[in-house]
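One chain comes next, on its own, written as structure tokens: the form predicted on its own.
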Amino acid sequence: MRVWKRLLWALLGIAALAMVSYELSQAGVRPVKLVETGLLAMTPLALAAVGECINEKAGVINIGIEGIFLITAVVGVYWAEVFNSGLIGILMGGVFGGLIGAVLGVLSTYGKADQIIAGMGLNVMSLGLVQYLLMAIWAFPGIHIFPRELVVPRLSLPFTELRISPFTLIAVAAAVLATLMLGRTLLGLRIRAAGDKPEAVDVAGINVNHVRILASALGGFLAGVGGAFMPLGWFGGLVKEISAGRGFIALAAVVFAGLNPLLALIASFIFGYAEGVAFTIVVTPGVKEVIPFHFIQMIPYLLTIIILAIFVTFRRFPNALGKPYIRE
């Protein structure tokens, strides 16, 4: 499916959410609060989705985003407490996410590992590792509440009541820069060639595996920032299931976008705003009594399934996606 058709679908999705927002505003919900919550929910999705677009352009699939989210959420909080800075904690989450991405890149290139199995293994391992780390570090299972001062403060936009996180702006900038990098730079050309025609990269004297590992590390870094952002820039606390399937929602945004970082940003906003609507309905008197609580919480995931059902047949993957390069 062409980019403009995907953009049209995205605009239709935004229009539908706008209609829902209008109806909720009639029930007493403040639109500003909806937008703020939607942007917060969008941020980790957008960071991870943009990173995965870069991964898959290089021919590497990382379905372990859910695991990276979980691990870097714990890592980010730990280092935030060590340095008494939420900002450093988020950056350390990005560093650890980059290391995990690089390890997956090495396994899938030099180790010739099945990339789907490796990513699923990371997701499964993280479920137990996070619970172990919560006990080993803070001696409390399942939850850790850190000082409120570690939460990265939000910015007030001039002439509006809107307050957004600086990392939301970073997510938008990452999508723009990734688009420019992939389409306008030599590095972007090498990344795209490593996914479509790796033999051409090899003939040019460039190590295909190195390009893919670099893309994996960059994608892991962005996902790691998103994982650490959730406790330190959004929730203000850490629980063992903090990712709540958002890694898979980020992958759905990538599918919708067709590996276009800007479209991935738009898709992340739609998913994030849907989650913001769900959160808002749950706490709105007069609305939460009418619509069942568990049905409300299904909204973001139901939207994910619908998007995948519509767009899964329209994806255009790089020719060598998921295939280790074997030099002849």
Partner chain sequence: MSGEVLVEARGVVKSFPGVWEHLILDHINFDVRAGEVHALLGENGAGKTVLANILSGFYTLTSGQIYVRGKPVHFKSPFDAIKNGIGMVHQEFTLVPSLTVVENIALMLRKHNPLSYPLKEVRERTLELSERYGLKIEPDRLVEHLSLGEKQRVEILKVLYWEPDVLILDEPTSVLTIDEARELFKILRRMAEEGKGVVFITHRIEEIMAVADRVTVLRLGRKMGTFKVSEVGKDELLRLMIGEMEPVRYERGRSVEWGRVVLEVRDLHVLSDDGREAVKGVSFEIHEGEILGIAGVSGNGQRELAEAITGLRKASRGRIRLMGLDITNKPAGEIAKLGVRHIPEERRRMGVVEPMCLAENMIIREYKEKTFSTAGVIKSKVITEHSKRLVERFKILTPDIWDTEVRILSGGNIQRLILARELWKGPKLLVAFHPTYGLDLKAVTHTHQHFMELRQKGAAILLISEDLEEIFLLSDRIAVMLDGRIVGTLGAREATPEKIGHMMAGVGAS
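Residue numbers count along the first chain shown, from 1. The shown structure was predicted, so the numbers you read here are calculated from the model rather than taken from an experiment.
The form predicted together with the partner chain exists for this protein as well; it is not shown, and the discussion that follows is about that form.
Just one of A217, A178, L251, A193 comes within 4.5 Å of the partner chain in the predicted bound form, counting any heavy atom, and that one is A193. The contact residue chosen from L157, V203, M125, V82 relative to the partner chain in the predicted bound form is V203, the criterion being a non-hydrogen atom within 4.5 angstroms. Contact annotation: G183 falls within 4.5 Å of the partner chain in the predicted bound form, judged by heavy atom distances. Residue contact check for E199: one or more of its heavy atoms lie within 4.5 Å of the partner chain in the predicted bound form. Using a 4.5 Å cutoff between non-hydrogen atoms, I137 does not count as a contact of the partner chain in the predicted bound form.
Among residues of the shown chain, L189 is one whose heavy atoms approach the partner chain to within 4.5 Å in the predicted bound form.
Judged by heavy atoms within 4.5 Å of the partner chain in the predicted bound form, the contact stretch among the candidates 161 to 169, 113 to 121, 252 to 260, 204 to 212 is 204 to 212.
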